[in-house]
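Given next, in structure tokens, is a single chain: the form predicted on its own.
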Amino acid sequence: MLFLVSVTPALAEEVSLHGFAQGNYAGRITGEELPGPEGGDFLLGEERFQIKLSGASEGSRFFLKSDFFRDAVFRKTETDLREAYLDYGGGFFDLRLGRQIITWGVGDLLFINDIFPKDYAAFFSGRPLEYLKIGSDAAKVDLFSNVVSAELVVIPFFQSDTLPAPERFFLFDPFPGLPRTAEEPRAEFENTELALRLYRSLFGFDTAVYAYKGFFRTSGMRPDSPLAPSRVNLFFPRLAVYGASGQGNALGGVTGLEAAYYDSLDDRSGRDPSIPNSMAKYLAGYQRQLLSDLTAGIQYYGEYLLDHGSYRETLPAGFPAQDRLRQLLTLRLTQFFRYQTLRLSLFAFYSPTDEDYYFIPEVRYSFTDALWGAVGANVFGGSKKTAPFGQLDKNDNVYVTTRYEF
């Protein structure tokens, strides 16, 4: 793939080069510190340089996006090839081959049919939102017709979600201090992930149905001994997802609905506590403009765990139990000032079932067309220290980002 990208610019009729230089820093404000050199006050200390190179010629196009960065917390300098792909098509089909970021579904920071990898460590530590998504090494084919269009994604190389690391975040750990062995799906034909989306406009709504066969992107944890564990194996159970979504103008705003059935292929009986049970996920969202330059969006999200009785019967003593029904509410407020150069925003998660919350207030100002800066915070809390956001309570942080784009 890199070879193709390196030679294609010489053949392209139109070539463009863009990118940015960025500083991004986040400090924990709870006064808590983890042991080890990475566990101090700073969650993030980064200088990052990105180039975006693209070109097109005779129905084909290439795109390359790569980051070079210095991580001062982990004291390392690395490169990150975020995207590199070739496009070819015209008429009734498009083909994209290479590393690419794919986004499906209608949720706002809630993902049901978007089963592609994500970086939650970046999200919780104040990196810009674009770093929440991770590129997949995949082939994507789009087929267009007047009746229904289709998008088929083939992913031969598994990529897990990136979760907060215990060296940098306070987290709940059911097996504290035990060594771990991670076992990802091997790069074999039988482990190739397949995802299909069929979509069309229906009664003014953008509608889609989805199907996916692959793996959970968050690992299960299985100790070597249930009574006296000395090691924990991290593994990724098989998963199939079947879902649908619709989004369109209604009730004076934009309304979205989405749902999916998660089929836990390796534990359909729900009796293995190390593997997530099958479940139904659903959401309803609504957003509208309230005043000039002020918009608001709300969402309701639910997860209904199947075979909950079997799950409770086999859960080891002392482990926190997941509720049969998990509910989550979100609110997004965005206000612009000064000819839209100044943006005030708030995104809030609140779960009445987990009794926890996560707030993200942010102020962003564009000094020029090329230079902007942002100051924000990640505020976690809750009464349950094992809940998704409650466990992050000690990681409240303030972040600062400045970026110069060219």
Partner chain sequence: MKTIRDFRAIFLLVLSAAGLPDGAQATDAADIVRKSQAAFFEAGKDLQARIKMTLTTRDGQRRLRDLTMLRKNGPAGEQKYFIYFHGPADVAGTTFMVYKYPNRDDDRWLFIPAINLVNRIAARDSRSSFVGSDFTYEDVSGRDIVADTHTLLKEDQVDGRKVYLVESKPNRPAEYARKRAWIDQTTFLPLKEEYDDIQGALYKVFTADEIKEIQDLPTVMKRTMADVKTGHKTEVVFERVQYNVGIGDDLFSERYLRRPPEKWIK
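Positions refer to the first chain, counted from 1. Since we're looking at a predicted model, the values are computed, not measured.
Here the subject shifts to the form predicted in complex with its partner chain, a form of this protein not shown in this document.
Colleague: Look up in the model of the complex whether R70 has a non-hydrogen atom within 4.5 angstroms of its partner chain, and give yes or no.
Modeller: R70 lies outside the contact set for its partner chain.
Colleague: Check R197 for me: does it contact its partner chain in the model of the complex (non-hydrogen atoms, 4.5 angstroms)?
Modeller: R197: contacts its partner chain in the model of the complex.
Colleague: Taking heavy atoms only, is S230 within 4.5 angstroms of its partner chain in the model of the complex?
Modeller: It does not: once its partner chain is placed as it appears in the model of the complex, S230 has no heavy atom within 4.5 Å of it.
Colleague: Can you tell me if Y300 lies within 4.5 angstroms of its partner chain in the model of the complex, counting non-hydrogen atoms only?
Modeller: No, Y300 stays farther than 4.5 Å from its partner chain in the model of the complex.
Colleague: Only one of 72-80, 125-133, 319-327, 304-312 gets a heavy atom within 4.5 Å of its partner chain in the model of the complex; which is it?
Modeller: Selected stretch: 125-133.
Colleague: A56, K65 and I102 - do all three of these have some heavy atom no more than 4.5 Å from its partner chain in the model of the complex?
Modeller: Contact check passed for all of A56, K65 and I102.
Colleague: Exactly one of D161, D263, D224, D206 has a non-hydrogen atom within 4.5 Å of its partner chain in the model of the complex; which residue is it?
Modeller: After the contact test, the surviving option is D206.
Colleague: I need to confirm a contact call. Of T341, T30, S345, T353, which residue comes within 4.5 Å of its partner chain in the model of the complex, counting heavy atoms only?
Modeller: If I apply the 4.5 Å criterion carefully, the residue I get is T341.
Colleague: Note that its partner chain is not shown here; using its position in the model of the complex, name the residues of 355-369 with a heavy atom within 4.5 Å of it, in sequence order.
Modeller: In sequence order, R364, Y365, S366, F367, T368, D369 come within 4.5 Å of the partner.
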